[in-house]
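Next up is one chain by itself, shown in structure tokens, the form predicted on its own.
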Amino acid sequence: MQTKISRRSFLKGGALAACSLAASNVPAAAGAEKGKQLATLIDISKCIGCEACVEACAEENAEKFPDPKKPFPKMYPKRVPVADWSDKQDVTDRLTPYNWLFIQYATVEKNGKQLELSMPRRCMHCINPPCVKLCPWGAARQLENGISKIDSSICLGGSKCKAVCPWKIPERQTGVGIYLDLLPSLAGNGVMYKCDRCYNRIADGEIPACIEACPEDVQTIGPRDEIIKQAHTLAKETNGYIYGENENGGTNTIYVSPVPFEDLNKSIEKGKGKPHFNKVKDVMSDANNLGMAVLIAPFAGAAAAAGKFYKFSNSKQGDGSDE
């Protein structure tokens, strides 16, 4: 752990210098442009795997991380397993409720030579996110700028978002959330967490912490149509390959790689908390999912409203308000 801290301190000066450059990539009103989804271009060839972005993400979002109550309620039935990362908050080699961004590594061959590559992995922020459209409680939503986020105050931790995500991105923490007040032994057993792309910083006209901290200018953020153009220009200049433009109907996280993503996918370590680079069909184009989304929408809206009202009422009681 000490090695990472000292390494980041060494790189921080360069990151601050790069910050002003990166900031110029974001339109002044990017967070408020109606109808304009923001996308991020990640140039894999530039990433050096320093993990400055990982540490910056953890520092920026620490106040959003779960603070579970123990002991955990026993679940009935036992089909919903306990997911407890509260004693493993220093894990950075995969996605967890306390680590929304990690670096994935690959060793591939190009032109007969071994090539070491590293790449930041987090939520893909889909254009038409199944996690949002199929959440039965209305806890996941998509902002106008394309950012998908989970409202931890009303999430029941049922993991539907993870089940329908092609990359299985969201992660659950037990012992936190509204289920403790409503159905502690029967509900979803926690809250789901994932990258929200520093939506609060973007709303204030700033860039995400991971982009600001990067000393190599790996990421660029801007309107999706402009980012797609940049991705194609970069891919053409470097004989590179693009991922995210069409996967799952299109995402707002666009990667450009110097090698085919099929090769990257064979090399990276995949599994729980470690997403793949497979080709992905459009989940929401499936007739069953479309029908389910239509059925869920009104119920999810009502559930979200009820959840927010419940939390509001409790907070009023907690501060002694009497209306």
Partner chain sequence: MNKNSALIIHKPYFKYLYGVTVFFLILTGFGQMPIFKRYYIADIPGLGWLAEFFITHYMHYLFAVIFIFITAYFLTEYILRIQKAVKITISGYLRIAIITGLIATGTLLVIRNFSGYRFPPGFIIIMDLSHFGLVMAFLFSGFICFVLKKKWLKNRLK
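Positions refer to the first chain, counted from 1. None of the values given here were measured: they were computed from a predicted structure.
There is another form of this protein, the form predicted in complex with the partner chain, and it is not shown here; the text below is about that form.
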Original post:
If contact means any heavy atom within 4.5 Å, which of 155 to 163, 204 to 212, 231 to 239, 110 to 118 contacts the partner chain in the model of the complex?
Top reply: 155 to 163
Subject >> Sole residue of Leu180, Ala83, Ala106, Ile127 within 4.5 Å of the partner chain in the model of the complex, by heavy atom >> reply: Ile127
Original post:
So which of Glu262, Asp286, Glu269, Glu59 gets a non-hydrogen atom within 4.5 Å of the partner chain in the model of the complex?
Top reply: Asp286
Original post:
Does the partner chain get within 4.5 angstroms of any non-hydrogen atom of Trp137 in the model of the complex?
Top reply: yes
**OP:** Evaluate Gly175 for contact with the partner chain in the model of the complex, applying a 4.5 angstroms cut-off between non-hydrogen atoms, and reply yes or no.
**Re:** no
Original post:
Even though the partner chain is not shown here, does Thr92 get within 4.5 Å of it in the model of the complex, heavy atoms only?
Top reply: no
Subject >> Contact flag, Pro170 vs the partner chain in the model of the complex, heavy atom cut 4.5 Å >> reply: no
**OP:** Enumerate the residues of 268 to 302 that have a non-hydrogen atom within 4.5 Å of the partner chain in the model of the complex, in sequence order, or give none.
**Re:** Val283, Met284, Asp286, Ala287, Asn288, Leu290, Gly291, Met292, Ala293, Val294, Leu295, Ala297, Pro298, Ala300, Gly301, Ala302
Original post:
Do the C-alpha atoms of Met124 and Met292 sit closer or farther apart in the model of the complex than they do here, given a shift of 3 Å or more?
Top reply: farther
Original post:
Given that the distance between the C-alpha atoms of Asn288 and Asn128 changes by 3 Å or more in the model of the complex, do they end up closer or farther than here?
Top reply: closer
